[in-house]
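The chain below stands alone, shown as structure tokens; this is the form predicted on its own.
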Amino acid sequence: MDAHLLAELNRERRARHAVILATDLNSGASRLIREGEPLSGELSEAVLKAFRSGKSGQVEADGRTLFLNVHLPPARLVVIGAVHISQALAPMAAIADFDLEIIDPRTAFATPERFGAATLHAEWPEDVLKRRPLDAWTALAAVTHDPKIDDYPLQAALEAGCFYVGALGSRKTHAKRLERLAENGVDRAKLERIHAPIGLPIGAASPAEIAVATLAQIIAALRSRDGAAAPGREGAT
């Protein structure tokens, strides 16, 4: 790989952008393909599949043999609220290889005694997200039931294009949430992206079950980032 292409690849990776280094195995020529870049023919299908799966490999496309080396940013999960659901979600997220962070300004809840080695921020979300902004490879789950804590990160997640945005609460609670966010200037179309009630509709009742339903929904969103899968509207309360 030439130095210019390597530098370009490293820039994209530092910026947490998904890219594929495509190498023609006959000519040795290489190029970077960015997620969302318009392509055509068999290459378009092969690239879309590679971005979805995250797996590198050899493909035959448009009469050429290519090796697609996939570089995806580590998927990040930001949980707003150091509650019982978060305690169950933390070890599950680690097993699923998510970079997990938990944010809660309530210092009595956001403690190492309750969360072990998980990354905790006992601060207001506004302050944390200024230092560690959200992006398209981040999932955000708001689970405090407190608008003073949840609303700002939900709006920030929608504006940042997070691949998943979910919020705990009943339909009535969510309806009021939507009214507040709309009054704060959030576009109605963006509000439709919020998964609420949070989690897949598996009849979850306990904090652990809600955590399972939520993580499953997050993984489904991650693996269908091109929008092929419609967001669920029936989930845990």
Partner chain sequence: METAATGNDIRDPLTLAESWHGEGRKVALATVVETWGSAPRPVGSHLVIDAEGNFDGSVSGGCVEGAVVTEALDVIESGTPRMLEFGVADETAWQVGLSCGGRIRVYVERLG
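Keep in mind that what you see is a predicted model, and the values were worked out from it rather than measured. Numbering follows the first chain given and starts at 1.
Another form, the form predicted together with the partner chain, is not on view; read the next lines as being about it.
J.: Tell me, please, which stretch of 51-59, 198-206, 183-191, 34-42 lies within 4.5 angstroms of the partner chain in the predicted complex when heavy atoms are compared?
T.: The contacting stretch here is 51-59.
J.: Could you spot which one of 132, 84, 114, 145 gets a heavy atom to within 4.5 Å of the partner chain in the predicted complex?
T.: Answer to the contact question: 132.
J.: Is the partner chain in the predicted complex near all of 7, 24 and 67, within 4.5 Å of a heavy atom of each?
T.: The answer is yes: all three residues contact the partner (heavy atom, 4.5 Å cut-off).
J.: Indicate whether the partner chain has at least one heavy atom within 4.5 Å of a heavy atom of residue 76 in the predicted complex.
T.: Residue 76: contacts the partner chain in the predicted complex.
J.: Do residue 16 and the partner chain come within 4.5 Å of each other in the predicted complex, heavy atoms counted?
T.: It does: once the partner chain is placed as it appears in the predicted complex, residue 16 has a heavy atom within 4.5 Å of it.
J.: So in the predicted complex, does any heavy atom of residue 71 sit within 4.5 Å of the partner chain?
T.: So residue 71 counts as contacting the partner chain.
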